[in-house]
Each structure stands twice: as C-alpha cells, then as structure tokens.
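Before any questions on binding or motion, here is one chain by itself as structure tokens, the form predicted on its own.
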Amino acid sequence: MERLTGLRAAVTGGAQGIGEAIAKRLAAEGARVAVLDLNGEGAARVLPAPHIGLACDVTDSASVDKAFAEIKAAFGGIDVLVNNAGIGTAPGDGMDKYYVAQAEQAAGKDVFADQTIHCEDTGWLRVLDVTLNGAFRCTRAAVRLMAEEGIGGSIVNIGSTAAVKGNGPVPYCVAKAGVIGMTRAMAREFAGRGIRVNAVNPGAVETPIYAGLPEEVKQAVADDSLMRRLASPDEVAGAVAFLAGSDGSFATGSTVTVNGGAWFD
C-alpha cells in the first residue's frame, strides 16, 4: 500500500540503522526520499533514483541549509521531515568511567557508578548538539520550505524511551527529553500552518550499536521489556510512516511509544 505517494520526504541519519529503515519504508510507501547523513556516500547508497542521498552535518547550520536547498532543487520542496540523527555518547561525557565502575559493582566492589561528575563540557555539548540542536536546525530549514509553499507538512522526531525512563547516558536522556519538549512546542506553533509535529519513542532496537554487545547484555536489555526482545528498525519505521502521512492526519504534539512495554506513557 503506497500511502505516501506524491510526498517529498527527508530523513536525517539515514545511512544506517533506524534511519535507513525509515527511508526505505517511506520510499516503499510512495514518497520521494532525501537521505541525509554525515556519511554522504552511505546516504547515496540507501535508495536508487529518483531518491537522493546527501551529505549533511546537523551540527552545522550552513551544511543543513545547503542540504535543504538541494532538496528543494531536486524535489521542489518538502512535505515530510524525519529527525532521526543523534548520538548516545561522545568523548569526554564520562561514560567510560561509568562502565568501569559498573563492572566493578557487578564484581562486588563498593563503588559508585558515576557519569555526571566525570562529564566534561565537550562531551555534554556534543551529544546535545547532534541530537537536540541538530533536530532544531533541520526542522527550521524544513519549515521554511513548507511555509514557502503553504501546503502544510509533517515532522516526525525520533525520541527515545530514555527521555521518560532515564535509562541511559545523562546527556542523551536530556537531549531526547528536549526533543519531546520541542515536539510539543512546535506542534502548537505550526498548527496554524497545517504542519503536524509528532514523535516516536523507540525502546531498544536491533541496530549496529547493539550488534557488538555480548549476548548476555543484549538479553538483559531485551528482558527489560514485556515482549522480551529488541525491536527491529522496521517496527519503528512503521510508526513513522503512520505519522508522516494522511493516516496520522489528526495526530500532532503526540508521542508514539514503540518499546515492547518497557515503559508506559
């Protein structure tokens, strides 16, 4: 079923993982898709023409504006933006020391597993700049194009269960909570323009990040959900496709949780 035929979409962080699955799902449902990623070559490999892949650094406003200018040149405008680009950790955020202490706790040592006291400004700011500020920059660029055409649009932000559960690196939890707050504020701001803004909160998803973890660690994460498994990227992509098109036409300011029952909100 091609629910998104005729729509023009952009997906950030689309070269792998959840972003790649979203890009492919939107394309399969009829949208023309611009795949944006720091890895421009990877983005270009995700989908064939008439779709496009573009290099885009979401921490750089000039790079974002250039990418959206290319989208306008290729597609004439944009109807759907999916803000997926984000990072969970960065050098200097204190997680290295946290993991060491956590392992020592598991071995029976009486130590605190701290992140905050070891987190430097560089690590904190890097996670927020990619995950939260990047979503803002891309939304700003997309809404400028949507406003030019005056035909409305749909923005879907990828949040995280960590935003409400607090189970993750502190900067990441804060950034994703900010994404949810931004979703609600912008839904109010853009409603008059016919632009809907929603979020999807995934739980643990089977992505390259999890692929390198020991099986016992992956299983412990999976067991935290009622369904006792990790989500597939396609399951997140399905929720995004619903919100992107007319099936989600009365949804704005909402958060769809796809976490297997790891958290109820």
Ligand code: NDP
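From a predicted model like this one, the values you see are computed outputs, not experimental measurements. Don't overthink the numbering: it's just position in the shown sequence, from 1.
From this point on, the text means the form predicted in complex with the ligand, which you will not see here.
> Does every residue of I78, G153 and T183 put a non-hydrogen atom within 4.5 angstroms of the ligand in the predicted bound form?
Replying inline: Per the other structure, none of I78, G153 and T183 touch the ligand.
> Pick from 25-33, 65-73, 45-53, 195-203: which stretch has a heavy atom within 4.5 Å of the ligand in the predicted bound form?
Replying inline: Going by heavy atoms within 4.5 Å, the stretch is 195-203.
>> I'd like to check something about W124: if you look in the predicted bound form, is any of its heavy atoms closer than or equal to 4.5 Å to a heavy atom of the ligand?
In response: No, W124 stays farther than 4.5 Å from the ligand in the predicted bound form.
>> Since only the chain is shown here, I'm wondering whether G86 would be in contact with the ligand in the predicted bound form (any heavy atom pair within 4.5 Å).
In response: Although the ligand is absent here, G86 would touch it in the predicted bound form, with heavy atoms inside 4.5 Å.
>> Test of understanding: in the predicted bound form, would N39 fall inside 4.5 Å of the ligand by heavy atoms?
In response: Yes, N39 lies within 4.5 Å of the ligand in the predicted bound form.
>> I'd like to know if I158 sits close to the ligand in the predicted bound form, meaning any non-hydrogen atom pair within 4.5 angstroms.
In response: Because a heavy atom of I158 falls inside 4.5 Å of the ligand in the predicted bound form, the answer is yes.
> Going by heavy atoms, what in 11-45 lies within 4.5 angstroms of the ligand in the predicted bound form?
Replying inline: The stretch 11-45, when checked against the ligand in the predicted bound form, contributes G13, A15, Q16, G17, I18, G19, D37, L38, N39 at the 4.5 Å heavy-atom cut-off.
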